[in-house]
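Here we start with a single chain on its own, the form predicted alone, put down as structure tokens.
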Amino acid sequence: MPLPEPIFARVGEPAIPIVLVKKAVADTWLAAQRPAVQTWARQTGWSGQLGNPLILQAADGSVSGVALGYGTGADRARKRFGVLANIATLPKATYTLTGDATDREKTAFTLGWALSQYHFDRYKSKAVDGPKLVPPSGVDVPRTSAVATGEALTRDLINTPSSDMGPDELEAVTRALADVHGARITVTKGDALLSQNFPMIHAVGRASTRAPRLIDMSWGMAGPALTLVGKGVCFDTGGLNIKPASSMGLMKKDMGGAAHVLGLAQMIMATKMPVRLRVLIPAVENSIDGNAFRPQDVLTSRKGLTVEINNTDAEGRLVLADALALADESPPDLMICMATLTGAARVAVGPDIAPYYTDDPLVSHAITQAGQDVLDPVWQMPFHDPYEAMIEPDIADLDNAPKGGFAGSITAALFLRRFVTQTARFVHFDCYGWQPASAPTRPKGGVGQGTRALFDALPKVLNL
């Protein structure tokens, strides 16, 4: 799978100007235009509504410009990147943003444009082609391109059906990314997981015909150590506690955590962030066979903690536990875990917000502020210590699926924290990774959550 590229035209290429017009000044702006423009605006009902374009025509009928409604502050708060809601309706041409937009507005517009050009057309007979943008002055184009490419990679990985995105293919994509950026990669696969002490990764993936593995990629030789751990369950049947059909329909996205950390790694490596980056992905398929792990089995993890299996469908935390334990043996300055882990997180915050956990208030502040700055909403959830008793069963150290149904995302986070004892700063994201209905810059399907916020926050967190 090649790395996707955002659609930008070359700087200097002739482009049709776009100007952002806030609703509050739309009447004033119109009063300064030609009578024909005023008439056209009245006839179409245009008044600066968020995302509504007013096409301006030259005397020969060609498009001479676009007045793009910027709405009100409340409109923009309710609809992220809403200014780009109707960008696909523009005539196919090359555009650029002009006027008195701030550099921050220009950057958000340019990134939004790139994200809105995403199309998952791998299985289409004809690729989709839309309008192009010449990035305006004041925009860091290489950085914006790196972010858009990382997000597109995440989306592509999640959107790809499991038939074409199993552990082998996920490894191949990671190797390709490593080749692009000169990273180093090792893979522990199949029964070698047992001899190398990754017993829970092996237990979850052994029933599949597609061998389980731990993918370990490293990049950078200087700077703070940053480790990213991503859940790579390429398909989740639920194991012997098999999922009903209604719950299995989206399980191609259960490797969304891996997709997220690879997208974030692309952003980091493409911009040459001065860090020592490590990416760990336990890649498995949770399948059913005679050798599948069973409810009430007790597994011994890499860390030595024993885990009673009370639901084979709570497998993501098992494979992550071994990877987190490995990462913790060489404690980085910051460890980030990303996973499509619990339905409870969706109940708590819905599909649009990425909840995260950390005990470090400075890290939390940086991530939350970055999420607001780059329009990538996140929300801190608590590592609530009194719930620790809920993950402690009678016959083992830990329970992978506490009974009762309460606080499912929190207990999953507490479970993972048990495997990170040496690393001082640990962050866990419980992502959804899926856009249930199309929205501005986010077509229905796979989507990154929290990665842009993290990318923006990392320099502050790591003092770069």
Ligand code: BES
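Just count from 1 along the sequence shown to find any residue number. Computed from a prediction, not measured in an experiment: that's the story for all the values here.
There is another form of this protein, the form predicted in complex with the named molecule, and it is not shown here; the text below is about that form.
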Answer option from L341, L264, L320, A203, heavy atom within 4.5 Å of the named molecule in the model of the complex: L341
Work out which of V173, A314, V134, A108 lies within 4.5 Å of the named molecule in the model of the complex, going by heavy atoms. A314
Of these, 265-273, 146-154, 222-230, 341-349, which stretch puts a heavy atom within 4.5 angstroms of the named molecule in the model of the complex? 341-349
Exercise: L416 in contact with the named molecule in the model of the complex, heavy atom 4.5 Å: no
I'd like to know whether R210 contacts the named molecule in the model of the complex, with contact meaning heavy atoms within 4.5 angstroms. no
Does any heavy atom of A67 come within 4.5 Å of a heavy atom of the named molecule in the model of the complex? no
Considering only heavy atoms, tell me if K243 and the named molecule come within 4.5 Å of each other in the model of the complex. yes
If we check the named molecule in the model of the complex, which of the residues in 240-261 reach within 4.5 angstroms of it by a non-hydrogen atom? K243, M251, K253, D254
